[in-house]
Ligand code: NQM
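Only one chain is shown below, in structure tokens, and it's the form predicted alone.
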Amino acid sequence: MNGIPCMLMRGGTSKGAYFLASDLPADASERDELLLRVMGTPDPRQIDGLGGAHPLTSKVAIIAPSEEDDTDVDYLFLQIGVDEPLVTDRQNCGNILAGVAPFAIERGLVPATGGETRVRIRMRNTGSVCTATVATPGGVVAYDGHLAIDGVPGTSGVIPLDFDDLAGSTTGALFPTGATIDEIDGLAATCVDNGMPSVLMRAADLGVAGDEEPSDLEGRADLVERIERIRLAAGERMGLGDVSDATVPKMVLVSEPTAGGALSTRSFIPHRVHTSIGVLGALTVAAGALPEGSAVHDLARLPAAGEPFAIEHPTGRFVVDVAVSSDGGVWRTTRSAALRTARKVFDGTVFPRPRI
């Protein structure tokens, strides 16, 4: 059986397998079938592959030299199912994005330029662009550093992520229904897309405090069923069509902050509850909470203009820098940035599980 060059990396609070596009089949169906066998899907434990038995650790990044003059590399994100044979490109992943620039430098797609190397990345899932800056002393990627991010033990080198305008990257508008608040299934909700199509709801309206452990929320069948019903309806309103087999929109329960942040979150992604919050999810929550009149605006303790926006989640806080503006009733983001870290776990050859 032939092996495939692969780098396993932690990107932010996720973990995934990173590949050069040239090392995988060009045909998407052949590629997806191969990746299912690489990750050990379908199997709740993913015991026969690289997957970690959770959506946050069952991810793939495919990197290639950019086809555009204004970017260095193209990045395709694929979410791989755990117990279902699912491979989808209908969303981006900002955490896995954190590992793209180090990987591109390690693989020689982008030359290191002195102490720091800036990499312009086009996210092929939506066409959005991000500039990542990586420490490269002596022309070598430095993974060690002093930045701690909640949800990851220890510290690592900082990787600033600075996004071009993310508003409507999937749906075409920051508020794809045309309003900052909608009523869906009898509940007030804000449908927003600043890189990650999401539905923001007040936790109290769903009968929860908003500070529960992820497993406690997942164990409430009545809550899960209602959130899925709202998600399906919201997907149609957001122009996403039938989302019954899609991983977007994400569903975010919002409550007042309890640890000095701007607000507190519990995110269904869409059926498991995130143990923290994703990069693009955090940028989207902030953008959806800032406008007066949104479903969750009054819950937030908003920072002063120019100050970072700290979003509380089950394992700590995620600080982002987001600004929005409205011109003639059309909202857009004028700033979307975050700090992440990444680490190379292994670099070698992966051998796919034999076909069953």
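The model shown is predicted, which means the values in this text are computed figures rather than measured ones. We number the residues from 1 along the sequence you see.
Another form, the form predicted in complex with the ligand, is not on view; read the next lines as being about it.
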Establish, in the predicted complex, whether Ser14, His274 and Gly278 all lie within 4.5 Å of the ligand, using non-hydrogen atoms for the distance.
yes
Considering Ala286, Cys191, Met196, Ala101, which brings a non-hydrogen atom within 4.5 Å of the ligand in the predicted complex?
Met196
From Leu35, Val322, Leu56, Ala295: within 4.5 Å of the ligand in the predicted complex by heavy atoms is Leu56
Looking at heavy atoms inside 4.5 Å, which stretch does the ligand contact in the predicted complex, given the options 91-99, 142-150, 238-246, 126-134?
91-99
Taking the ligand as it sits in the predicted complex, is Thr171 near enough to touch it, meaning that at least one heavy atom pair lies within 4.5 angstroms?
no
Would you please decide whether Arg122 lies within 4.5 angstroms of the ligand in the predicted complex, comparing each non-hydrogen atom pair?
no
Would Arg231 show up as a contact with the ligand in the predicted complex if we use heavy atoms at 4.5 Å?
no
The ligand contact at Thr117 in the predicted complex, heavy atom, 4.5 Å
no
